[in-house]
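Take a look at this single chain, the form predicted on its own, given in structure tokens.
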């Protein structure tokens, strides 16, 4: 298959409510959509980079640059037989997994559409529904957090993830556990702690948490191994896992017992499947994380989470969770068993809405022809 053209489209979306984590509050989400065209079909992907280097060194600016100047030219010059070929094609460019994933995942969608199969089936998915939960940002007080969690439980979410940070941790999580003793609850620190905070993290061991996500620095696996030995609660690594090798090293060292697979973080579906297969062979649970995606990224995540090793609920909430008006449809609704249905039509099962006022766009064709608007 020869890719005929690639489009990049960027827009800012307003969140329905502020989303606060240990590294700041998000009010607006920049979104880059990739569209890859060949054989009369279009595959869609989404870049999950933010506008600042808080979660990752990648930003929307760096991703646009790397895709435009390095990745897309290689894509337009290649002959792609299988979707796995795209990751190998991008291998000479170091890092920039979010930029790579945006194009690689669009190619998976494109090839699935060309073959008339769903992305989930092309990836090897086995589920018709995937279990999901909701991520709750840091709230002003324990009482406010309890109230917010109650609303999401009333909405039907069966698993709650609480963002935590120093000063908004033990008391807040304890309040939720006391209010909802049977709820499935996990916490996410986004690297807000050090080993000096071990005692604080140990104080949450008695709260019956599913896991503590990424307590220490974003590239660490050594200190996490020490910390895991001091905790009864499983550590889950997120930011520390950029590749299958990172996952293998973390499991070998005992740095975690669970891994959060975000395809945008690890470079796309090929890398995600390798991490999934490794963890499945080791008996280590995985789940699919979220990055405030639109329905494009959400559809990719749902398809990935249909693989058999995704045994814990993912951060793939219903479409209405973050945006009042999404840029793609149809949307995803929460089923009464806290699941999302896996699309069965060709590709990811969603299309871009008409009439979107993109902030900027560019079209790339073979022989480096570019049109910008």
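Positions refer to the first chain, counted from 1. Keep in mind the model is a prediction, meaning the values are calculated, not measured.
Keep in mind the form predicted together with 2-succinylbenzoate (OSB) is missing from the figure; the text below concerns it.
Contact between residue 58 and 2-succinylbenzoate (OSB) in the predicted complex is not found at the 4.5 Å heavy atom cutoff. Residue 322 belongs to the set of residues with a heavy atom inside 4.5 Å of 2-succinylbenzoate (OSB) in the predicted complex. 2-succinylbenzoate (OSB) in the predicted complex is approached by residue 238, whose closest heavy atom lies within 4.5 angstroms of it. Within this chain, residue 190 lines the site of 2-succinylbenzoate (OSB) in the predicted complex, having a heavy atom no more than 4.5 Å away. 262 is the sole member of 262, 113, 224, 276 with a non-hydrogen atom within 4.5 Å of 2-succinylbenzoate (OSB) in the predicted complex. For the options 80, 292, 138, 258, the one in contact with 2-succinylbenzoate (OSB) in the predicted complex, meaning a heavy atom within 4.5 Å, is 292. Annotated contact segment (heavy atom within 4.5 Å of 2-succinylbenzoate (OSB) in the predicted complex): 158-166, selected among 158-166, 115-123, 228-236, 276-284. Along 1-35, residues 19, 23 each place a heavy atom within 4.5 Å of 2-succinylbenzoate (OSB) in the predicted complex.
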